[in-house]
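In structure tokens, one chain follows: the form predicted alone.
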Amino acid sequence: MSTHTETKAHSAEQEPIDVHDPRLTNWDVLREGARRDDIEIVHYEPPFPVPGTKAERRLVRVVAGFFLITGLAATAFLAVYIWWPWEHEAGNGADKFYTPLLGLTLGIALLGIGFGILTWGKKLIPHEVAIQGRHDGGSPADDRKITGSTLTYMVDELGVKRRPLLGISLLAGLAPVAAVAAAPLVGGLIKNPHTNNQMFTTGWAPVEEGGTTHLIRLTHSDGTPIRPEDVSVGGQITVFPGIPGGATNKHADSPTLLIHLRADDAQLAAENNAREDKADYMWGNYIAYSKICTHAGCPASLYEQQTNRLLCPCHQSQFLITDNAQPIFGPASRRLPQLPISVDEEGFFVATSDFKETVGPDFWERP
């Protein structure tokens, strides 16, 4: 008799309930869903059985502190990104700290959000271990209702409604982080990165002084100016702008190869230059190209005289000198910029202007 009564009671417990009943709480619907799906809750342990304890409030403040640190660091990132001087200047100016400050502030922001979420999950959310078997087939309406209520219950378990400080601090922390993610996309709308951009100016730019334009001479590394007879036919030398520090790292974007082409090769190069609207870039049989590879910035200085190819030893990019230094092999996808040259009244090589194309690799390097 007793066994029969226990069986009837167990059967009554398993009787399905109407999950659409508005009187049911999310926990009731969740528990019904677990029963229907044969879910076994192995372990359930709320971290704070009694809400409002000192320990709970202390942890809430800790998590909120992490989120606020995230917000402050992300805001600092935006301030540095927008207002800190970023243009390179020789010496030890404030521009040297631009990239380190971006990395530091972004790192602190990401650490803050990470520690905040980890502390919230480990210390303030109930710990539950449940086991469920795999089920086949589609999901009926009741199951969809159960799933929705389960998700809602999970949100309730986060305790944001009961702990508003967490929600406010999370919003305060994540909003600047979202702005950080959008900053590179909208940065160009805040300030034009190409205005007076140093990356489009090298040591070859003519100097304006007293209303007179002074062209920059091509010199050896010791500053000695170069005449045409200094370069043998089929030969090449590395030249630097004849300005103070022209052969130093201060003007590391300026090293250039001056090449003395053979007559037939020079004729072909001149024809290809004319096709690219560069008819006045060469002087006689001489042509000059940037020495900095457009792939990774290595020195492209291995000149093969018989084929008129310039080889970069780092990744084997090859450029055809007689055709505007177009890349014909390797990973480089952009030609070497050509330096317009001439000879001044004293017979020394000069650059008639700066490079008209950007030197080396950077944001413009796209296949």
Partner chain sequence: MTSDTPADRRGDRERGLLARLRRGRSTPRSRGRRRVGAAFRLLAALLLAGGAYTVFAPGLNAEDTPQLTSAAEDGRALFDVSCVTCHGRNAQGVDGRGPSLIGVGAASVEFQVGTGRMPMARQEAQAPRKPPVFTDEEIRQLGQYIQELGGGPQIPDGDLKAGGDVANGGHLFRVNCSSCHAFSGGGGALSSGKYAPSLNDSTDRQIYAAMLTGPQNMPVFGDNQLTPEQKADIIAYVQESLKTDGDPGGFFNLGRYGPVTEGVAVFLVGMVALIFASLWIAGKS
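Since the model is a prediction, treat every value here as computed from it, not as a measurement. Definition used throughout: the rigid core is the maximal C-alpha set that superposes within 1.5 Å between two forms. Positions refer to the first chain, counted from 1.
Only in words, not in the display: the form predicted in complex with its partner chain, which the text now covers.
Heavy atoms within 4.5 Å of its partner chain in the predicted bound form map, among the stretches 226-234, 211-219, 275-283, 146-154, onto 226-234 alone. Remark: Asp142 does not count among the residues lining its partner chain in the predicted bound form, judged by a heavy atom distance of 4.5 Å or less. Contact annotation: Glu271 falls outside 4.5 Å of its partner chain in the predicted bound form, judged by heavy atom distances. When its partner chain is considered in the predicted bound form, Lys161 lies well away from it, no heavy atom lying within 4.5 Å.
In the predicted bound form, its partner chain lies within 4.5 Å of some heavy atom of Leu118.
Counting a residue when any of its non-hydrogen atoms is within 4.5 Å of its partner chain in the predicted bound form, the hits in 256-288 run Arg262, Asp264, Asp265.
Comparing the forms between the shown form and the other one, the C-alpha position of Gly121 differs by 2 angstroms or more, with the core used for superposition.
Once both forms are overlaid on the rigid core, the distance between the two CA positions of Ala274 between the shown form and the other one is under 2 angstroms. In this overlay on the rigid core, Val62 has a C-alpha that sits 2 Å or more away from its partner position between the shown form and the other one.
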